[in-house]
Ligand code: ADP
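One chain comes next, on its own, written out as structure tokens in the form predicted alone.
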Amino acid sequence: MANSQETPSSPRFSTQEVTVVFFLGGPGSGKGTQSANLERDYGFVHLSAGDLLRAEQVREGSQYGELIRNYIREGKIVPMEITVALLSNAMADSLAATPPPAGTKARFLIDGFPRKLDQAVFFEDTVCPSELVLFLDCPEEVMESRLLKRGETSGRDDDNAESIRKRFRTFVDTSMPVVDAFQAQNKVVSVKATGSVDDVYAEIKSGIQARGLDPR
């Protein structure tokens, strides 16, 4: 944990010890599938903001569970302090359980976060500055088709047409400004996510390796 001497603007982790890549894309753009590929080939620890929030909402004794449930059901963004705390603690747990090999940095792929510009600023000020932003660019009709199909088996109460459309509008209104802001810093690797899984992954590999992230 951050010690009492640190200020809120002092990041918990140094870019000398960890590499953070934000993974953004609308709902159904394929982040989960591609995250598994990156985890396997590049040594990333995959942290899904959505998965952490879903786990927290059912964790016994969680003070945030009901609040998170209500936000997710409405397709709204959970308060950033909660999401950032969950991500930060998951990073610390991973580093404690599996330290990276000597001479290497731990790699974290943070999926579905930041969803808003203030979240990006808050995370980078308090947890760790990001190295790159990987963005899967996918049209709404493709995402909706994928999510409705997933909803047949996922059991997720937000995989229905009304929630999907709300989530897509939320993404366009709040998350695209995040992509634009990082683009202005030349930190975005943008990939069209309409091809096959293999085609999209080939584009991702090409993009991140051009930025100095090689397989492990």
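Residue positions are given as counts along the sequence shown, with the first one as 1. Predicted model only: the values in this text are computed from it and were never measured.
The form predicted in complex with ligand ADP exists for this protein as well; it is not shown, and the discussion that follows is about that form.
| query | Counting only non-hydrogen atoms and a 4.5 angstroms cut-off, does Gly207 reach ligand ADP in the predicted complex? | reply | So Gly207 does not count as contacting ligand ADP.
| task | Determine whether any heavy atom of Ser196 comes within 4.5 Å of a heavy atom of ligand ADP in the predicted complex, and answer yes or no. | result | Yes, Ser196 sits close enough to ligand ADP in the predicted complex that at least one of its heavy atoms falls within 4.5 Å.
| message | At 4.5 Å between heavy atoms, is Arg165 in contact with ligand ADP in the predicted complex? | response | Flag for Arg165 set to no.
| query | Heavy atoms within 4.5 Å of ligand ADP in the predicted complex: does Gly30 have any? | reply | Yes, Gly30 sits close enough to ligand ADP in the predicted complex that at least one of its heavy atoms falls within 4.5 Å.
| Honest question, do Pro11, Ala120 and Lys187 all end up within 4.5 Å of ligand ADP in the predicted complex by heavy atom distance? | No, the whole trio is out of contact, none within 4.5 Å by any heavy atom.
| message | Going by heavy atom distances of 4.5 angstroms or less, which of Arg59, Arg40, Arg169, Arg150 would be at the interface with ligand ADP in the predicted complex? | response | Only one listed residue qualifies here, and that residue is Arg150.
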